[in-house]
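Next up: just one chain, as structure tokens, the form predicted on its own.
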Amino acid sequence: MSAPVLTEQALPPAPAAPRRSFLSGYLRQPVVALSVLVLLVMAVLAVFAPLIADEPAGAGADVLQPPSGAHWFGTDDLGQDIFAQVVWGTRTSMVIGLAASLLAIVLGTAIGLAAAYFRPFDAVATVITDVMLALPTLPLMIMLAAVVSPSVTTLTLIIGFFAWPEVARLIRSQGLVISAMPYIDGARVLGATGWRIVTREILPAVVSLMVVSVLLTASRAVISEAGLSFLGLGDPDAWSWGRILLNAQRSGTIAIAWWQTLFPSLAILFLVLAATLAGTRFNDTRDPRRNGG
């Protein structure tokens, strides 16, 4: 599955409207409601994993059993329950996805807003952002993950570090539109400092864009984590969907135990698809030009 890509498109600030009305119209869309439901189910699995299933460990007697009432998702070559692996993998994948996304949003928003308002900084920030976007991200992530000690923290930092440039470009594009508005000039005339203008005037106008970026960046982070874990560069002490796929590949049971790869793959698909649809529909709903406004 190809990773969702953030498109650079400057949008005017949304017209003033009751927040409750906006959220009601957003959640009333069937695709959005289903996507949010999937994300909520994933969040519940991640938070309450210890209450839903015991953490897989050791070996069991039921080796390579297909899905049944006793083992909903079947078992692997060690007799471990695949359902338990997927549940515990949800926690790791969501933690890394959200944490890496938040890291990228914080860095990208700070750099993008600074570049949009402080013109001397814009040239430097643009060059750095373009260089980062031109780098081969996946090989560099593989190289760094292979050098450092694999853990949830290091994976989060690596993925978040390589995800901020697209966010910075998007926020800068929107910030340039906002900074050119007449009320920004009025704030300068009234003696507002650059810091106040950026934090009180420009930042609130890009919050909705940040929400979209969180969802799309998190979905890309989940894909990156699964890829790195599948290559053996994930945390060996934490279950993740990529680790389940890696175990299936190492054991050589992919051809005879289809359930060992199907269910973690579906988990990745559902989470990424739900986050992407929720983010894109949020972007469509807040843009009046796409709603005939």
Partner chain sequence: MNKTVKGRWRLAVALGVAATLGVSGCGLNEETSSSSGSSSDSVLRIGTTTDVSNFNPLQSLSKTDSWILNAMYPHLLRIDENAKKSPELAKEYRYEDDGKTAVFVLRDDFKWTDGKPVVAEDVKFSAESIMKYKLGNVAAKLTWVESVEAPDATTVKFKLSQPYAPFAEGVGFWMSVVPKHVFEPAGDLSKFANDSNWVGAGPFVLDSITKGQRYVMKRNEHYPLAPGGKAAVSQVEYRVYPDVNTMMLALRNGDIDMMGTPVPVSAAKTFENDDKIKLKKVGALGFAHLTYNMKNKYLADQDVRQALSMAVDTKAIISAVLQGDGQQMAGPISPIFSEYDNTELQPYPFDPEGAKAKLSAAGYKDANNDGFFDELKFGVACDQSNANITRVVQLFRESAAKAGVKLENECVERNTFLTRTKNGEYDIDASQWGVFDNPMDQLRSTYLSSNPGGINYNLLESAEMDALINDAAGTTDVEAFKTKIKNIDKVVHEQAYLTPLYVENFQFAYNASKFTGFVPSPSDLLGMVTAYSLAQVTPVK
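Small disclaimer: the values here were computed from a predicted structure and weren't measured. Numbering follows the first chain given and starts at 1.
Same protein, other form: the form predicted together with its partner chain, not shown, and the subject of what follows.
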Counting only non-hydrogen atoms, the one stretch of 109-117, 196-204, 93-101, 170-178 within 4.5 angstroms of its partner chain in the predicted bound form is 170-178
Check Ala59 for me: does it contact its partner chain in the predicted bound form (non-hydrogen atoms, 4.5 angstroms)? yes
Using a 4.5 Å heavy atom cut-off, state whether Ser35 contacts its partner chain in the predicted bound form. no
May I ask you to state whether Asp54 is within 4.5 Å of its partner chain in the predicted bound form, using heavy atom distances? no
Can you tell me if Gly252 lies within 4.5 angstroms of its partner chain in the predicted bound form, counting non-hydrogen atoms only? yes
Check Asp76, Leu216 and Leu246: does every one of them have a heavy atom within 4.5 Å of its partner chain in the predicted bound form? yes
Interface residue in the predicted bound form among Ala84, Ile105, Ile223, Ile158, criterion: non-hydrogen atom within 4.5 angstroms of its partner chain: Ile223
Within 130-145, the residues having any heavy atom within 4.5 Å of its partner chain in the predicted bound form are none
